[in-house]
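One chain comes next, on its own, written out as structure tokens in the form predicted alone.
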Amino acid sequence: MKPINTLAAAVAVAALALGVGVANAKTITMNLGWATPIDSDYGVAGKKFKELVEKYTDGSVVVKLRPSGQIGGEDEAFKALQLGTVDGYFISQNNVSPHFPLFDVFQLPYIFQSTEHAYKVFMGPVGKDIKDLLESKTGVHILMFGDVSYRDLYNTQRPIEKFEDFGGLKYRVPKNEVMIETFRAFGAEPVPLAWSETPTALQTGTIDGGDNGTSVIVDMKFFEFAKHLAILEHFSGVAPMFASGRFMGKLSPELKEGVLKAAREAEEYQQEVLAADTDESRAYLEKMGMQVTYPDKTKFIEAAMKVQDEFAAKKGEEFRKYLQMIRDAAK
């Protein structure tokens, strides 16, 4: 009887191994990254997305969260998505433009009149067109645009009370053409730096300051080095969640539907949760010792309109088309 038992055991082991192989073959893993800590604004959307994806796909798609640059930095993330070496990543809109220049239409200073105006653009015809164009031209998918936030200005040198105070300071800017030219139009010296270099540059005095989403200033504890915060709201926009074509190509129609549904609901959740986040973050920064100023925006807006017109003139007909659609959406 022993040979029979041995054979039966071997068959059982083989069946178990086969079963495990099938189960693994049915599970698709999405590594979703971002540059800031797990509890940042990106984490609000990322954690909800993970929960909903795994629910709507019955565990067939598993999302592994990779915050704090675990799978690379934001500056190189888009290229990695195109290559398929990264499955998903939250990328600030300004870091998309080098790979898809039309995204700069969202980056223009004072392009949005209000948060409501911005959501009308991103959730409307302009947003749909941009999603489709980006996918067709780069192979990268936008799963969600996400929450609209404002970039607040911080520096180590002096309070910004008026337009003239802005000039002469060295501000870190992303390697984005619109942002560089905007800071020059405001009279400052822009210093293009990768995000990963920014904290050290601020601490060593290589730069005098920079601008980021208010919650990022909190998350990165920049208030420990820069004691002046100016509320200009000169740039507003989103940090979409992107997915690689390689990852999306692994999904059956049913799984893709579940992933997209999860993204829509995670986007709504993030927007709802973070609705009051900016005001709360500014209050916290003031509590942590930052001197908060609200400069008169008149001259900043005048300079910004010139930047808008200059880029419209040189970017081409398609850019001008979407710029006009965004302006019309404010009416």
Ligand code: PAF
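Note that residue numbering begins at 1 and tracks the sequence as displayed. Keep in mind that this is a model prediction, so the values were computed, not measured.
This next part talks about the form predicted in complex with the named molecule, which is not shown.
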* From the list 35, 263, 63, 304, which entry has a heavy atom within 4.5 Å of the named molecule in the model of the complex? -> 35
* Structure fact -> in the model of the complex, the residue from 244, 155, 236, 95 with a non-hydrogen atom within 4.5 Å of the named molecule is 95
* Taking heavy atoms only, is residue 42 within 4.5 angstroms of the named molecule in the model of the complex? -> yes
* Though only this chain appears here, would residue 74 touch the named molecule in the model of the complex if you measure heavy atom gaps against 4.5 Å? -> yes
* To do: Using a 4.5 Å heavy atom cut-off, state whether residue 174 contacts the named molecule in the model of the complex.
  => yes
* Contact between residue 166 and the named molecule in the model of the complex at 4.5 Å, heavy atoms? -> no
* Counting only heavy atoms and a 4.5 Å cut-off, does the named molecule in the model of the complex sit next to every one of 223, 227 and 293? -> no
* To do: From the candidate stretches 126-134, 208-216, 78-86, 255-263, select the single one in contact with the named molecule in the model of the complex, where contact means a heavy atom within 4.5 Å.
  => 208-216
